[in-house]
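Have a look below at one chain only, the form predicted alone, in structure tokens format.
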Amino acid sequence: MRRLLYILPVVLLGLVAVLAYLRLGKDPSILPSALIDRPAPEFALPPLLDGVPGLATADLKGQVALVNVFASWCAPCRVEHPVFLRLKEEGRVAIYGINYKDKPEDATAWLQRLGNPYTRIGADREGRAAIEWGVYGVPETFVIDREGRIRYRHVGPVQPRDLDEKILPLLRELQK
């Protein structure tokens, strides 16, 4: 019995060491998504802005598109916003927004102040659509193919490097 008391901590320490070793080299920011290569979830969101239609699943079919989940209260969303403004200016891809758990007046003021890169924006006030998309938090961005399937998911703010190294090459491939 005494031996067991001495051996048990050594075995537990060895187990922790093995688990830590197995996690080395893996990027903790990469979150798996069961939706990759599957159709975008069914949703229909009311418009955020007056005079601009809301956003629904049907809007994502027939073209390659980006879907960006954002909020005015989200600091990382502000960091990535110039990347989307650049994309809109270059006309490379349609960008759709899902405004997550935000006050409409705050989101509208935010877009007026920073610029609006979105073709359409759906207001997800309760966060239900984001749950269907598997969103862990904002911002998250998805690449959608012509058939309306999710082909890529980016968690966190899209930086110029992410755009140039991951998203734009995929967009070019899908737009062929």
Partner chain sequence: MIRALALLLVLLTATPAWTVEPDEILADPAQEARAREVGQELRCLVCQNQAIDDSNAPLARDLRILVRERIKAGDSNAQVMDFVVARYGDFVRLRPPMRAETYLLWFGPALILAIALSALLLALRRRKAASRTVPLDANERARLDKILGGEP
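Residue numbers count along the first chain shown, from 1. For clarity, every value in this text was computed on a predicted model and none was experimentally measured.
The same protein has a further form, the form predicted together with its partner chain, not shown here; the description that follows concerns it.
- Residue in contact with its partner chain in the model of the complex (any heavy atom within 4.5 Å), chosen from G148, G115, G134, P46: G134.
- Listed residues L111, V67, V64, A130 were compared with its partner chain in the model of the complex; A130 is the one with a heavy atom within 4.5 Å.
- Shown here without its partner, the chain carries T57, H81 and G122, none of which come within 4.5 Å of its partner chain in the model of the complex through any heavy atom.
- Within this chain, L168 is remote from the site of its partner chain in the model of the complex, having no heavy atom within 4.5 Å.
- By the criterion of a heavy atom within 4.5 Å, E126 is counted among the residues contacting its partner chain in the model of the complex.
- Of the heavy atoms in V138, some are within 4.5 Å of its partner chain in the model of the complex.
- Its partner chain is not drawn, but in the model of the complex it has no heavy atom within 4.5 Å of P104.
- The partner is not shown here, but in the model of the complex the stretch 58-74 reaches within 4.5 angstroms of its partner chain through a heavy atom at W73, C74.
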